[in-house]
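As a starting point, one isolated chain is supplied in structure tokens, in the form predicted on its own.
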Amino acid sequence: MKYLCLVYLESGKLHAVADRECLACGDGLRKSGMLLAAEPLYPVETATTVRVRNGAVSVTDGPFAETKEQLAGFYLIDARDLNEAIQVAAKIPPAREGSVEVRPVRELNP
């Protein structure tokens, strides 16, 4: 089953974990066959939020909601079950400084 591991960090901790650690983590998951995709994100100040209401498009600078932690990146993995996904998330380096939200990916119904 696919799980999305969303990495959250406070803005002051975005560089608390070296990129090389995240690259090594991704390489290890890729070699094990579990990693489907992983990417870091630019800081929340670069975000743009798009909404469509009654056919009108609204574009706003910044994220939808202000929070203490911001989405810093993600790892899309293929794990046997939630327990294995949690074990993987615990090894993602930024988990030491922030948090990793683990969410199952659902299939769209045609």
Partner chain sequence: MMRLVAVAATESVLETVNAVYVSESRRVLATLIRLLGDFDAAEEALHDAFRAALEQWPRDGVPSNPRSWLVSAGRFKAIDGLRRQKRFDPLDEAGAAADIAVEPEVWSGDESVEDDRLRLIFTCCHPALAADAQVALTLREVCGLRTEEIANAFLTPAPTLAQRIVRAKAKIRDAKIPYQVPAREELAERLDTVLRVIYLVFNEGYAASSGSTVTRRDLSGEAIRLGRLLVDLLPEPEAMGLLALMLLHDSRRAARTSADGDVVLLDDQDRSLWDREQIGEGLRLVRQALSSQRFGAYTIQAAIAAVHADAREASATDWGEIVGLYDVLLRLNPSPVVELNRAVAVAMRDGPEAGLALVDAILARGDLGDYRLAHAARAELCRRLGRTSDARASFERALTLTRQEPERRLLERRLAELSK
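Numbering follows the first chain given and starts at 1. Owing to the predicted nature of the structure, the values given are computational and were not obtained by experimental measurement.
The protein also exists as the form predicted together with its partner chain; that form is not presented, and the subsequent description refers to it.
Although the partner is absent from this view, residue 16 stays clear of its partner chain in the predicted bound form, with no non-hydrogen atom inside 4.5 angstroms. Although the partner is absent from this view, residue 4 stays clear of its partner chain in the predicted bound form, with no non-hydrogen atom inside 4.5 angstroms. Looking at residue 32, you'd find every heavy atom of it more than 4.5 angstroms from its partner chain in the predicted bound form. At least one heavy atom of residue 86 is located within 4.5 Å of its partner chain in the predicted bound form. Taking 47, 41, 76, 82 one by one, only a single residue has any non-hydrogen atom within 4.5 Å of its partner chain in the predicted bound form, and it is 82.
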